[in-house]
Ligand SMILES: Cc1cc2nc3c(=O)[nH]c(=O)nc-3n(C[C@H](O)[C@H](O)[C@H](O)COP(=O)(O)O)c2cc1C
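Listed next as structure tokens is one chain, alone, in the form predicted on its own.
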Amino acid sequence: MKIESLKIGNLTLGFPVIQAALSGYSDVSMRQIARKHGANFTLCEVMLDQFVLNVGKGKKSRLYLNAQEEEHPVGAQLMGTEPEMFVSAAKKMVETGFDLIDLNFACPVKKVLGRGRGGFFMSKPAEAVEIIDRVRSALPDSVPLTMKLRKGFDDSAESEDAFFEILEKGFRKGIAAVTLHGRTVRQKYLGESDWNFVSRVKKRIGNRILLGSGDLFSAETVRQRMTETGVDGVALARGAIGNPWLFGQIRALLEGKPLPPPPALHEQRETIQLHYDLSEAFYGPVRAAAEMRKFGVYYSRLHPDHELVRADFVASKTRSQWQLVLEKWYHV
């Protein structure tokens, strides 16, 4: 298939496969690893508007409100409740250096919904549109505003109507692109992502920018979904955790080249080591050791002895212990 360069607002991103915002994962180190493996655009982990506004200028601010010089363009995803707080938080994220603001109206986590955030807005189209309108009006024209949606709050006809109200009014208010996950909020991550719905939405909105999301764990699946639906690009979420090689594999297939082989053990070791080094440089040795255990769980899935490797990564509490795992399981 012919690769069309992805452009969102005034940002020309090129390769139409981006790294999605991932709570607890898409920090600076993961974003940098994704870019080294072919992602031209990444999103930071979702930020609560309250956190953005209340955090000071100390260590927490450096850790979370941080757009590295070498990773531009980079986007910030926001989640919250009140329009005025969305506005203030979005402006602060732009001042911090983020190039795009993405509104999260999709998160299905129970405590998020209970606090009137995330996927809660899929059932409140008027409130969602107000947030879009207020944030778009407050941002510089040079900063694209996008949003993350699910196919509805549930499978009812009323929910679908609400979805299309948010979608179409959002575009009219100045949304530059939408990322659509093909499950309802009620579904969370159960069942399959409905790419038929994604295709129907793309046909309805024409040349406006739509990125698809959901169950994208292989390059073959990505090529198939993009070909079948006509979406302008895709956002890799869970499929990119511990598998940054997926970006390069997708690029090869979309360019008509053979699928690259899975990364050899020495390639895995190099990337895992680099990821640890980036994390340690950012968080410091104690925090990095704790942060990297969750990534080790995902990296281990590519290893032939994944269950044993997983257990060793989880048990690692220091850099030296991490090094021993790499020497034991990823020797050349």
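For every residue, the number given is its place in the sequence shown, counted from 1. In this text the structure is predicted, and so the values were computed from the model without any measurement.
Although it is not shown, the form predicted together with the named molecule is what the next lines describe.
A heavy atom within 4.5 Å of the named molecule in the model of the complex is found for one listed residue only; from 233, 242, 170, 214, this is 214. Among the residues 253, 237, 201, 129, the one placing a heavy atom within 4.5 Å of the named molecule in the model of the complex is 237. At a distance threshold of 4.5 angstroms between non-hydrogen atoms, residue 322 is out of contact with the named molecule in the model of the complex. With a 4.5 Å cutoff on heavy atoms, residue 11 does not count as touching the named molecule in the model of the complex; it lies far away. Proximity of residue 22 to the named molecule in the model of the complex: non-hydrogen atoms within 4.5 Å are present. Contact annotation for residue 292: none of its heavy atoms lies within 4.5 Å of the named molecule in the model of the complex. Segments offered: 256 to 264, 214 to 222, 91 to 99, 112 to 120. Contacting the named molecule in the model of the complex at heavy atom distances within 4.5 Å is 214 to 222. Highlighted residues 31, 72 and 143: none comes within 4.5 Å of the named molecule in the model of the complex, counting any heavy atom.
Taking the named molecule as positioned in the model of the complex, the only residue of 73 to 87 that brings a heavy atom within 4.5 Å of it is 77.
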